[in-house]
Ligand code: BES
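There is one chain below, alone, in structure tokens, taken in the form predicted alone.
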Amino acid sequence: MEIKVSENVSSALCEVLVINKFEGERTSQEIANKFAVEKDGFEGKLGETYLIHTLGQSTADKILVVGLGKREEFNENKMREAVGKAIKKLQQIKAKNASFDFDIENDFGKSAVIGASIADYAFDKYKNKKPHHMDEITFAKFSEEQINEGKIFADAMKVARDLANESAQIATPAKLAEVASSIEGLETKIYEKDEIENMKMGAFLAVGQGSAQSPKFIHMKYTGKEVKKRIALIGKGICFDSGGLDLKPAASMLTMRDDMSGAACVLGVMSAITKLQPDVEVHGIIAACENMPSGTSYKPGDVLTAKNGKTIEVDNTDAEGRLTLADALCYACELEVDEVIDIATLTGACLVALGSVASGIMGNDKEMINKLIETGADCGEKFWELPMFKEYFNSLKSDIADMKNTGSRYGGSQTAGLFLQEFVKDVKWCHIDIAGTAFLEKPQGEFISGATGAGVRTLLNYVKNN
């Protein structure tokens, strides 16, 4: 879908003119006031739509009125949601092009583009019969700068969504390494198995040793012209999670291609950073592998040694993500960065606690946690801080090693966070659990079912505004 900006679209020829209505106000088009407002009592609640066939009374064939709610409560998130609703309606009527002419004072072009792109998205590469997509939309009254930044964010989300939706037979560790290497403007190093062994990443290597796919440790680096802060972003890169020898039930494996959603997020973010050019140094780190059962798989009861020398008793081979992240965290802390953020589809417990609406967040620096929560709220991603009480670590204690990789089924997200903290040294750190938000079983808001690109908007804004 091509997205354009124009000074004036209200009098231009188009298939559908999209206008807004605030509650308690009239619209900018008299034909809409006559039929939608006066005749049918269209109130303009947020996301409501009303379609009018103009019958030659306008330069547009149809007018679509979109409710924006109360003017005093309108913001960027509501703009994204309203445009998304409009795109869904335009898809229903098989429109090919539309012009948006909203009567608003703020330049919400970035949010409008993101909303349009989220709503128009479909992972349809394997479908012979494709769903309907818009060819072109044009926005009035928004700046080129906001529109262009919105496109960068939308493209980053598409990178993440496409990778997490892709089948595991395609989105292998080698494929993630290929995508990382193809991003221009980064210094990228792909570590192969022998190099990973030399770095003594025993936890990461153990997880991948049952698969025919070789593990890849990916390190991307962006350096701004003026480096004001150094940040490491770590994405969980389990390209398929069978559970290993502690095999998942068949139904639970159906969507396990999404277990690299954290890695997909980091790849999406890194693909956009080179275009945004923030004054920071950003490291994108992914320990990519598959967790598969075979004669070479790691086993319950094995004792692994992580990069920092700490030993881990394997209590359950299906708690594999934290093992790969452990070595990735050790690696990141050696880069002398100011902050480390890891993002992962880590625990089913987070899905139970927060559902598909919010991601869990925890860490060792309250100010950093609050800033990430506020950044997410500003761009429409919800985060909820989970406690890291030291008592939760008791269930991770092992009789034969420094710790086990799983603990009690109670407080599972917190015990996972405390496990990860054992591999963080001398740096501000936050852990984001997107187990519930990364992949939707059914449509939610502007999103269809499938991968959402969770975390991309928040991390991009966080890096950009630091």
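Predicted model only: the values in this text are computed from it and were never measured. In this text, residue numbers run from 1 along the sequence as written.
Only in words, not in the display: the form predicted in complex with the ligand, which the text now covers.
Worksheet item: Within 4.5 Å of the ligand in the model of the complex, do we find a heavy atom from each of 259, 318 and 345?
Response: Judged in the model of the complex, 259, 318 and 345 all sit within 4.5 Å of the ligand.
Discussion item. Please identify the residue among 241, 381, 327, 339 with any heavy atom within 4.5 Å of the ligand in the model of the complex.
Written reply: None of the other options qualify; the answer is 241.
Worksheet item: What is the one choice in 333, 168, 179, 351 with a heavy atom within 4.5 Å of the ligand in the model of the complex?
Response: It is 351 that has a heavy atom within 4.5 Å of the partner.
Fill in: Contact segment among 128-136, 143-151, 318-326, 273-281, judged by heavy atoms lying within 4.5 Å of the ligand in the model of the complex
This holds for exactly one stretch, 318-326.
Discussion item. So, residue 248 and the ligand: in the model of the complex, are they within 4.5 Å at any heavy atom pair?
Written reply: It does: once the ligand is placed as it appears in the model of the complex, residue 248 has a heavy atom within 4.5 Å of it.
Fill in: Residue contact check: residue 421 to the ligand in the model of the complex, 4.5 Å heavy atom
Outside the cut-off, so no.
Discussion item. Residue-level contact is defined here as any heavy atom of the residue lying within 4.5 Å of the ligand in the model of the complex; does residue 49 satisfy this criterion?
Written reply: Contact with the ligand, no.
Item to complete: Examine residue 406 and determine whether its closest non-hydrogen atom to the ligand in the model of the complex is within 4.5 angstroms.
Response: Residue-level check for residue 406: yes, a contact with the ligand.
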